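Shown next as structure tokens: one chain only, the form predicted on its own.
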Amino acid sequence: MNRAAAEAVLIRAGALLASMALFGAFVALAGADPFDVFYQMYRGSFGTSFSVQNTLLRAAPLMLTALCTAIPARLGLMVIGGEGAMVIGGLASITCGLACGAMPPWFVTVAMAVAGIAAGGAWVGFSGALRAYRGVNETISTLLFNYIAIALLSYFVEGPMRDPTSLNKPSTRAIPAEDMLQSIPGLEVHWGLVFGLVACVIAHVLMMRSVFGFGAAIAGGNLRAGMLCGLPVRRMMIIAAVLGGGAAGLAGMAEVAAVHGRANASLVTGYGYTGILVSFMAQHEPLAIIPVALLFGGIGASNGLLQRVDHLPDATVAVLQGILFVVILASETLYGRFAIFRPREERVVRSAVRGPTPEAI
């Protein structure tokens, strides 16, 4: 492990420990035993076979929505539109699934996946185009697009696509049971987990081991330098946004085809926003997203147990995620401050610039 990687791991581990300490203080003030809370979180996330599979179910969409932030981040874009892309991807996939009718199940699954990827990619790609050609801030536009996506979902679910039999909770018609995304053999976890793992590996190869990824790193480090080098920066921005949005759209397809079977308000899960935190925790590295998504999937899976055993409110996990986000952002200021992680040549230069200490004189 090189110095930069070691520094990143230690700083992220320190941020995680600091967040847990602050969260422990919070639950202590709420009247709960922090050590029991941490134990119940372990039980609810990795303590039993059921909890492990529940964690995997929650981690699958987090891997995909985290890529929506991680891939554009290589180009210096701060995209936070994973929630909107996931919603639009789910809406497009259910529309496609219902339109397929009596087609073979494998065809319906492929068609729904393509529809979800295309819709999510176009949704975030439009924000990338606004940034590339009109200078519109992608963070603001993707955030606003999240609300537009949720509003569109409500309109179609409660209007043109509503199933007349869904009375208390407006929903679209359900896709047939045989067209649902099935579980991985031997597990009670749907194939969305495999989608997430494969997407992270592909994103790693693309962004870390390809010419496109090398160009993205140059442009992300210095946009003007990328343009001077002749890189098609605008086109690369749009491609990165489309790829990120497509990953989140695939997460929406998996939620519709494997979990809900139809589109309704349950599609607005918050996975898109949690994916932002996962991407930051992983430093926008696609392979590092996998273990971080498992960690946050476990945190989410333990929520019910915390309510039943420690009588904590439903928002407890949201508080932990908020603490993590703030502490992780604060930890960004620590990079480059520890001499032990600097190359020896840099330490020698810094020592020479500072000059001899008074004791040495």
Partner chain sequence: MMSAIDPVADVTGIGVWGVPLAVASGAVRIGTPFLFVSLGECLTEKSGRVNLGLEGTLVMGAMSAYAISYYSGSAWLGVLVAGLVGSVLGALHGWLCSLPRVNDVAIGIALISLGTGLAFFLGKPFIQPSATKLPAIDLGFWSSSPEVRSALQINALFVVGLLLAPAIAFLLARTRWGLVLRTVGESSDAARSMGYRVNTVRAIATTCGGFLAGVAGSFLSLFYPGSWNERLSSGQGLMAVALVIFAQWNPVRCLWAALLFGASSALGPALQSVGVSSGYQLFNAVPYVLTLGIMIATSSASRRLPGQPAELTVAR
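Quick caveat: nothing in here was measured; it's all calculated off a predicted structure. Residue numbers count along the first chain shown, from 1.
Quick note: we don't show the form predicted together with its partner chain, though the next part is all about it.
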property	result
Its partner chain: the contacting residue among L287, A99, V194, V136 in the predicted bound form [heavy atom, 4.5 Å]	V136
Candidate from V114, I150, M103, I184 lying within 4.5 Å of its partner chain in the predicted bound form - any heavy atom	I150
One stretch from 312-320, 297-305, 52-60, 37-45 that, in the predicted bound form, holds residues within 4.5 Å of its partner chain by heavy atom	312-320
P164 within 4.5 Å of its partner chain in the predicted bound form, heavy atoms	no
V110: touches its partner chain in the predicted bound form, heavy atom cutoff 4.5 angstroms	no
In the predicted bound form, E158 touching its partner chain (heavy atom, 4.5 Å)	yes
V201, heavy atom within 4.5 angstroms of its partner chain in the predicted bound form	no
Contacts with its partner chain in the predicted bound form, stretch 249-277 (heavy atom within 4.5 Å)	Y273, I276, L277
